[in-house]
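There is one chain below, alone, in C-alpha cells, taken in the form predicted on its own.
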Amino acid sequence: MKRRIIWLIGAIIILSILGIIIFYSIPILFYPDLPFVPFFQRCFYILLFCALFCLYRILKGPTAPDRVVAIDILGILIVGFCSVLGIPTGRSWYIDIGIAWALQSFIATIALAKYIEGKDFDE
C-alpha cells in the first residue's frame, strides 16, 4: 500500500512537471523573434527533465550496468542539448561540441563495459 501511494505521488509530480513544460513557455537563451522558439524551449526543458531522471539513476542505480546505461543515455541527452541550442541560436559550434561529446560518450561506454566485465582494454 505504501509503495502505491509513493508511486502515485511520483506520477502526479511527473505529470505536473510535464504539464508545466508543455503549456508554460519560459524564456531562455533563444532569440524571441525567430520562428519555432517555443518548440525549442519545450524541447530544451524536456531534455532537462530527462537528464534529471538519468542523474537519479546514476546515483541510485542498483547495479553498475544500470549506471553505465544511464551515463550513456545522459551522453545522448547532452548531444540533444547541443543540437537544441545550436539550431535556434545559429551558433554552429554547439553542433561541433555535440559531435565530440558523442564520440567521447561512445568510447567511455565501451571502456566502462569492459571494466565491469573484468577485461583489460587490449582484449
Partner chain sequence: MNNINDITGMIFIGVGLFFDFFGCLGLVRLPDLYNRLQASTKCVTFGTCSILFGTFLMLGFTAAGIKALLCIVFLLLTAPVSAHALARGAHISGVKLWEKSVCDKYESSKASGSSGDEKGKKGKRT
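Positions refer to the first chain, counted from 1. Just so we're on the same page, rigid core means the largest C-alpha set that superposes within 1.5 Å between forms. Everything numeric in this text was worked out from a predicted model, so none of it was measured.
A second form of this protein, the form predicted in complex with the partner chain, is not displayed here; the remarks below concern that form.
In the predicted bound form, none of the heavy atoms of residue 12 sits within 4.5 Å of a heavy atom of the partner chain.
In the predicted bound form, the partner chain lies within 4.5 Å of some heavy atom of residue 106. Taking non-hydrogen atoms only, residue 89 never approaches the partner chain to within 4.5 angstroms in the predicted bound form.
Taking the partner from elsewhere, residue 110 is found to have a heavy atom lying within 4.5 Å of the partner chain in the predicted bound form. Counting a residue when any of its non-hydrogen atoms is within 4.5 Å of the partner chain in the predicted bound form, the hits in 63 to 84 run 65, 66, 68, 69, 70, 72, 73, 76, 77, 79, 80, 83, 84.
Taking 2 Å as the criterion, residue 11 counts as shifted between this form and the one not shown: its C-alpha moves by at least this amount when the rigid core is aligned.
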